[in-house]
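Just so you know, structure 1 and structure 2 below are the same protein chain in two forms, each on its own as structure tokens.
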Structure 1
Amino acid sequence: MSSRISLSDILWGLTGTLAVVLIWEFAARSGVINAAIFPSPTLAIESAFEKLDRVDVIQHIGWSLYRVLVGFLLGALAGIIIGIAAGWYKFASFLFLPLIELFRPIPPLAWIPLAIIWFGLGEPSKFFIIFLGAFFPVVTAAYRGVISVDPVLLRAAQTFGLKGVGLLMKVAIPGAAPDLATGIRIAWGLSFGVLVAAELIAADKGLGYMIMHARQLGNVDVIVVGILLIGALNLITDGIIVWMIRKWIGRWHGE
């Protein structure tokens, strides 16, 4: 994995995004799609910001980012610890893997009733739903990464006297870093994916709340803008995460 993103990569990405937006804009303005139920990006933004207070929008963004960040960090940390332990220690794999495989297919949305019972209507219940969205991709990636480390590398390190925790920290974890990095990126995206579900729990701020409130009022333009804001926030923050991951992996992989 190269630690640098070329200008051509960025231009290709911008070109693809711009092409989709232009097609969407043309289709809505030309009547190919019904602009009343699926307005063009420019019309949706213009109409939405006539109805929305800019300070409120900034607050919605801030609350959503706060919830995603806290839930993601808790989920990723737990996933890294448990996944690495399960991949390295047999007793941990016997202990954790059946539970992970039991609960992994359950969508975070299904946990909302229990989250309310366990944590109430405040922020902890929202953190819990996002935690679930982040935890399972990371724990799976961490486990797969550790068990996939080349045994030759482990044996070579052992000949130099490394064993136990030292072998884990200096060889196994660096060897699992690419898989773990993939899990972290997937988890970050899923954290945004469950954001709206998390903000169904008695929220009065956040982009998910803004979207659901707009649905009740029939403001399709606000819904579209809320969706675009979630997508844009994920795109920008994912770019930051990719940069950090490339720097992190480059420490061990000579990039």
Structure 2
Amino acid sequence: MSSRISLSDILWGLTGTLAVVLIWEFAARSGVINAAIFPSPTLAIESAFEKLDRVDVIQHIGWSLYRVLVGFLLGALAGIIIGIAAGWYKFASFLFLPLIELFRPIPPLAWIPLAIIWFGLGEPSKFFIIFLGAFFPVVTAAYRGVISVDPVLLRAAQTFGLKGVGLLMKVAIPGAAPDLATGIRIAWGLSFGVLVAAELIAADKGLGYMIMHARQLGNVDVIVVGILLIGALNLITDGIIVWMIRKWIGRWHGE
């Protein structure tokens, strides 16, 4: 299976997208759907441009990205360390696995009230929620990756006198890298979803706040543009992550 996307695939994709946008545009303009509550793409972008201050929008984007980045990095780092430790050392698995199993079924958003109680309404509570969104996928992936490293590779390394921490660093962790990469990508997507929710519920800046605020003002066009912006941002950053993963392990792992 080649993962290369051919030119004709792109053209087909563009055609499909264009068709949907045109149908939407046509429906809104001809009055099949009420343009006041579901504006056509061109109208929405046009009027959103008028209503939104460009500097404001960039600031909202900046705040959202900053939050998601800080929370994600902390969560991923903790997830990597704890997941690897639990996969490699028995005592760590006894200690961490039950706690992870206990907390994993609780969705990160359910922590919002507690996060506000613990950290107040400021940034730390948002970091914490996003931290949780990133932590669980990464910790699971790191753990799975380490316990499923091919035992033949571990044996091969042992024949060269490698053991203990050396074996962990040189073989178990690189061997876990593909699983880890998948976990990191999932974690990023989840962090993003969590971010928007956190900003909807308690924030005074960021893209989530921007669209919630637009609802209070009744600016449906701004909401639509905001949603598309959030989606695009998610897509672009996910692309960057995929690209980085490919640079990291693509050559030896494939895909």
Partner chain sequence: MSEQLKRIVYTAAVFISLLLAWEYATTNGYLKPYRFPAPSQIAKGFVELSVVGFPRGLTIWVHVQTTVERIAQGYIAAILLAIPLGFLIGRVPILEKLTNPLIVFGRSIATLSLLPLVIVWFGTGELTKVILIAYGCFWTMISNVIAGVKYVDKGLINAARVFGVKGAALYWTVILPAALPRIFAGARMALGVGFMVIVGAEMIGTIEGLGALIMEARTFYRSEVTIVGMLIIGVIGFLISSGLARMEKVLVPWDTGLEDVRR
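Predicted model only: the values in this text are computed from it and were never measured. Please note that residue numbering is based on structure 1, beginning with 1 at the start of its sequence. Each form is matched to the other, and the largest set of C-alpha atoms that superpose within 1.5 Å is called the rigid core.
Matching the description of the form predicted together with the partner chain is structure 2; structure 1 comes from elsewhere. Relative to the superposed core, A187 shifts its CA atom by less than 2 Å between structure 1 and structure 2. We note a C-alpha movement of 4.9 Å at I23 between structure 1 and structure 2, with the rigid core held in register.
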